[in-house]
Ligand SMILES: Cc1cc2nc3c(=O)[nH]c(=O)nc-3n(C[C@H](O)[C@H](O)[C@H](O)COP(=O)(O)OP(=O)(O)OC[C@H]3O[C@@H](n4cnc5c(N)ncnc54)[C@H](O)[C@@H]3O)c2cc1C
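Next comes just one chain, in structure tokens: the form predicted alone.
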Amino acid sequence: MSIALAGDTGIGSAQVSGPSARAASVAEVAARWAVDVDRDARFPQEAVDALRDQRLLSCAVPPELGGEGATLRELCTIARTLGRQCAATAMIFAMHQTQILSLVRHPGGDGVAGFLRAAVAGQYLLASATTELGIGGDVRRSTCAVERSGGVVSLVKNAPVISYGEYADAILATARRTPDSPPSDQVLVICRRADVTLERTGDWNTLGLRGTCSPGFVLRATTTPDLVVADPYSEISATTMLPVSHSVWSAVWLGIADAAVEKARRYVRVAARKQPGAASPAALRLAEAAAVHQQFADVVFAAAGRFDDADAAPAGSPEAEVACGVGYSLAMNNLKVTASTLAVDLVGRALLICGIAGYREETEYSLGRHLRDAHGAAVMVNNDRIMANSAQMATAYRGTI
């Protein structure tokens, strides 16, 4: 079955307030449909339409290209706000912004800049196709290759996962630079909606993050040479995709933890009103969870701030060079593993506090969706793969993180 990508969506009214403030209204929409999205494993169309209406899909694009130049800390704040209500919506936002910043920070010519202007005007949703059958989940290698003929670029990629691919306005795909290039010599190709067909090769019926709608596809695309990003994908991955994705993903998982801890807090308050003055083991558990929760938030926003500081520093300065070092890559790997572990830990703590009320699906304290979504964190780029990579770097690294 061949599927054409979703059409362009009209642009809603621009808002005066900053992007972080506007996220609250999107979160309200996401909350309204979160149970439905999870139950039916369907795309959160209402929430994505709200992101478009609030012009949050383009908030990280620089002002000179029509955006607002949102920092990574601001993107993490938005992802956290959305994650409290619907982790699938938040993860779609997070993955989209990773693609946006990959183009913003590696423009490489008029074609990419022109695409970004069009993306702002049309509030495009961008998806990613970096994994491929036969490479074992290693996004730094590709089997497929870019073919060039008569001023046309084409590629065919068999991807086991393309998150929300059927609903995206463009897909950024990795491929070998030429058919003769080694697997690690990759480029990033912008594949516009009108230039792509998707042949579905699988279904999406998962424990959690069900609304991300991430089945496998054979992607066939034709485009123009100016939409092949000039910088090598190895550079894009190391300096942008890895730190940005790990930061915004972690902010989504923090949002899940926010929701779980808040339910636990409400449960303890209600119980305390029923038995005033009585010592409560649940209250002690809540205090312990609150301490871990604070540490979780500090870790996420410290990492985002570190990225923003390096991004704002003059090129060649010690601050800017930090983001190119092994220590920085180790720190960002540690962020992902730590955040994905803490998300499950905090939802589990909340479940112990709420007891059977949290275990049952029909109560206001139900934690089932949060627990299922949180467990997706460790397998979104498997923690074992990340730690194996970190082990190689740590063995050779002589500095401090």
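We number the residues from 1 along the sequence you see. All figures in this text were calculated on a predicted structure; none of them were measured in a lab.
Absent from the display: the form predicted in complex with this ligand. The rest refers to it.
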Could you confirm whether A251 comes within 4.5 Å of this ligand in the model of the complex, counting heavy atoms only?
no
Check S17 for me: does it contact this ligand in the model of the complex (non-hydrogen atoms, 4.5 angstroms)?
no
Give a yes/no on whether Q97 approaches this ligand to within 4.5 Å in the model of the complex, heavy atoms considered.
no
Contact flag, A129 vs this ligand in the model of the complex, heavy atom cut 4.5 Å
yes
Using heavy atoms only and a 4.5 Å cut-off, determine which of G114, P281, G137, P179 is in contact with this ligand in the model of the complex.
G137
Using a 4.5 Å cut on heavy atoms, which of V244, I162, V187, L155 is close to this ligand in the model of the complex?
I162
Heavy atom distance at most 4.5 Å to this ligand in the model of the complex, all of L209, M380 and D384:
yes
Which among 342-350, 59-67, 371-379, 31-39 is in contact with this ligand in the model of the complex, heavy atoms within 4.5 angstroms?
371-379
Enumerate the residues of 186-204 that have a non-hydrogen atom within 4.5 Å of this ligand in the model of the complex, in sequence order, or give none.
W204
